[in-house]
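Only one chain is included here, represented as structure tokens and corresponding to the form predicted alone.
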């Protein structure tokens, strides 16, 4: 049976080279490799060096591995906030980050807008904010935060750390890493890998803040505190046994993407997004959920389908394509389409042609 083209926004379709890399990994015994071996250190180093090349990450950032992006939410609040964080909330995932700060007994504040809406760069941040948390690409709603909004937050709040959730946008965006202190993602979306690995980029200011809290006697967690992760990363290791296979596969896929060229990946992403948004705009029965072009994500595109959702889903599945459901309250009225490097231009053209038949 021919496998469906998976447009769900996470876990999404595997990158087309993953199957071959998995076979190689099993032949070479990677899944049972000691995480204290020189061979693993070489795999760790290759993964980190490849990401630095692919994403143009500055040297003042350290890359560490966790179990998931959800875990990184917790580690950020534990390690970088004594009392006050501020959250930009415009969907389910940005809201969950805020709720984690509440659950960890901090004193977070937020500015919240409706699903499908973005933020004004002139927003005021409360005095005494230690950390500003922004979601670059809200997976639940298909809203992307313009980089000028992040730059405005940075310029107006130089005393606060700024962390960016890039779970469903990287490797597409060309980030200016001077505009923030921490960025994180997980591999089951844009990198087209099996779930179970989070990647967290932290700069020197994050390390200093965690050490400052620790010196005050404040609990910042245990084996996955920033000082622990940082000290092990300098040796190309993790504090505990990590997802060795996941780190190996990430290194291989990143190498494939570097060979392909990040500029080519970005141009293809924009082409695919453009033809799907045009198809939604021109369609008589369905529309883009995010109306303002400046806020439309190029990597998670949400269609407002209303009463036609079930019919459209059935047609796509019959033609070998699996769309993502709408999120939460929008499950029965929306469809979400991942636009990641693993999705080819031909697959997107097929998607557009099929939608035109509705």
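Residue numbers count along the first chain shown, from 1. The structure displayed is predicted, hence computed values, not measured ones.
The form predicted in complex with a further copy of the same chain is left out here; the points below concern that form.
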(request) Assess the spot marked by 121, 288 and 306: is a further copy of the same chain within 4.5 Å of a heavy atom from every one of these residues in the model of the complex? (result) no
(request) Choose one stretch from 144-152, 99-107, 127-135, 268-276: the one whose residues place a heavy atom within 4.5 angstroms of a further copy of the same chain in the model of the complex. (result) 99-107
(request) Work out which of 115, 195, 162, 251 lies within 4.5 Å of a further copy of the same chain in the model of the complex, going by heavy atoms. (result) 195
(request) Could you work out which of 319, 53, 70, 333 is the residue within 4.5 angstroms of a further copy of the same chain in the model of the complex, going by heavy atoms? (result) 70
(request) May I ask you to state whether residue 282 is within 4.5 Å of a further copy of the same chain in the model of the complex, using heavy atom distances? (result) no
(request) Mark residue 42 yes when one of its heavy atoms lies within 4.5 Å of a heavy atom of a further copy of the same chain in the model of the complex, and no otherwise. (result) no
(request) Indicate whether residue 263 is a 4.5 Å heavy atom neighbour of a further copy of the same chain in the model of the complex. (result) no
(message) in the model of the complex, is there a heavy atom of a further copy of the same chain that lies within 4.5 Å of any heavy atom of residue 217, even though the partner is absent here?
(response) yes
(request) For the heavy atom contacts within 4.5 Å of a further copy of the same chain in the model of the complex, list the residues of 231-246 involved, in sequence order. (result) 239, 240, 241, 242, 243, 244
